[in-house]
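We begin with a single chain expressed as structure tokens, specifically the form predicted alone.
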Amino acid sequence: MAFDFDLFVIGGGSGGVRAARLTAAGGAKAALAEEFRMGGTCVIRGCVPKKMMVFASQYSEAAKEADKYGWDISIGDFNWPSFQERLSTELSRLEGIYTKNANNAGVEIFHQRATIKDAHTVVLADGTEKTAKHILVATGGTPFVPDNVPGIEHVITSNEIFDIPELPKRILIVGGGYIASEFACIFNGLGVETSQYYRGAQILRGFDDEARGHLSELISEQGVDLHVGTDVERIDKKDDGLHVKSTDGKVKIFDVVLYATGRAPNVKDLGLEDVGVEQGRGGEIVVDEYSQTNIPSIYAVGDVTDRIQLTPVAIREAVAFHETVFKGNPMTPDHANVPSAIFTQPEYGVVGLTEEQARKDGPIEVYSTAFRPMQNAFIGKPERVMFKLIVCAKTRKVLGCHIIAPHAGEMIQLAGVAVKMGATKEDFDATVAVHPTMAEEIVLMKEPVRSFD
């Protein structure tokens, strides 16, 4: 059978674009359909614009610290329209780069929605059908919002937060994951009266318990009105704002309510059920170690598979897909010891196991310390950083590294290399410290604070 394309990719995010580019550059015929904007969640609605907001939100505290360091600095209110204009320009620039790079590689781009008709056919929004030897689904994820809360139609998600017409005076963030915690810190830093409600006992479920507790304290000390064990019961829109009744019976008024209560695979009306593609309980596309579905010609990478929801992971999965399918070099993406960072203030960088995960396999040793770094101590700022290593008592390998500190995201990238290579605690100990830095503590912790058999 003759196909229109060797590969048809649905989704113009980082994973989809990388797979299409590599395939086209290698001489095969590749096409890609994107219904919104090229670049996907990360570039348009996620990590890139969010990180720009993180940068913006840090200057108010930096100005206060500068004064204590001898600088005569005054800072006014945050200019939201000015920031939005510059952000829009930057996102358009990045979108253009994604489109240009794909075009230059020879990818045919369809700027419209595509759905799957059968194992080798996709249907575009204009009704056109295209056939392909292989179909790759890379449609990412979408914010999840519960539908059982009265007044839920008045809330927004991370998809809309960058386009709100004006900076709110009062905002409620609902959720306790990394997205919710990041936005709580962002708006607090921008001078907004910020509250965060999370129904669980502690924010950042799934991360290291000690680190979660440490970061929770810091967020609260910085001014975020954090309420755990609290959920929204109803929302009423009135002339003076959104009246939110919480499960503790209290009512507070906000200008904006942002729900960051998780993300779900973006699979609605994609045609997967009709074709028979297997999906998990949350709608995620079930794939094998080579990102292949139960339909041999259909593959999936990225957040839509709900393996590890990180942009660099989606890219690695796309590369492995290309090597396997188009280069005859079977390759599986490595999901072990993937470093990541939560861009709260301060940041939380992590690679490897949490203490709780490591205890199950034991025996382990835990090295942990929290202290005021030099920069804070000099000006009497109470904020403490935290460094933590989890070590296998038998092999001496470092199983996990956790850092809560300014620029922890930068630090964990380098620590991730050591953990990925299987470095031992003795390798860390043998490394000469860079002094004076915060990061030197990672090679100076000599005695375990606790051990588990």
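Remember, it's a predicted structure, so these values are computed and weren't measured experimentally. Just count from 1 along the sequence shown to find any residue number.
What follows is about the form predicted together with a small molecule, which we do not show.
Enquirer: For the three residues Gly13, Arg37 and Gly96, which mark the spot I'm curious about, does each lie within 4.5 Å of the small molecule in the model of the complex through at least one heavy atom?
Expert: No residue of the spot touches the small molecule in the model of the complex.
Enquirer: Give a yes or no for Gly140: in the model of the complex, does one of its heavy atoms lie within 4.5 Å of a heavy atom belonging to the small molecule?
Expert: It does not: once the small molecule is placed as it appears in the model of the complex, Gly140 has no heavy atom within 4.5 Å of it.
Enquirer: Quick check on Ala180: any heavy atom within 4.5 Å of the small molecule in the model of the complex?
Expert: Yes, contact at 4.5 Å.
Enquirer: Counting only non-hydrogen atoms and a 4.5 angstroms cut-off, does Val319 reach the small molecule in the model of the complex?
Expert: Flag for Val319 set to no.
Enquirer: Though only this chain appears here, would Phe187 touch the small molecule in the model of the complex if you measure heavy atom gaps against 4.5 Å?
Expert: No - in the model of the complex, heavy atoms of Phe187 and the small molecule never come within 4.5 Å of each other.
Enquirer: Could you tell me which stretch in 356-364, 199-207, 73-81, 269-277 has residues with non-hydrogen atoms within 4.5 Å of the small molecule in the model of the complex?
Expert: Selected range: 199-207.
Enquirer: Taking the small molecule in the model of the complex as the reference, which of Lys420, Lys29, Arg396, Lys50 has a non-hydrogen atom within 4.5 Å?
Expert: Contact check passes for Lys50.
Enquirer: Could you spot which one of Tyr290, Phe144, Phe162, Phe326 gets a heavy atom to within 4.5 Å of the small molecule in the model of the complex?
Expert: When the small molecule is considered in the model of the complex, the option within 4.5 Å is Phe144.
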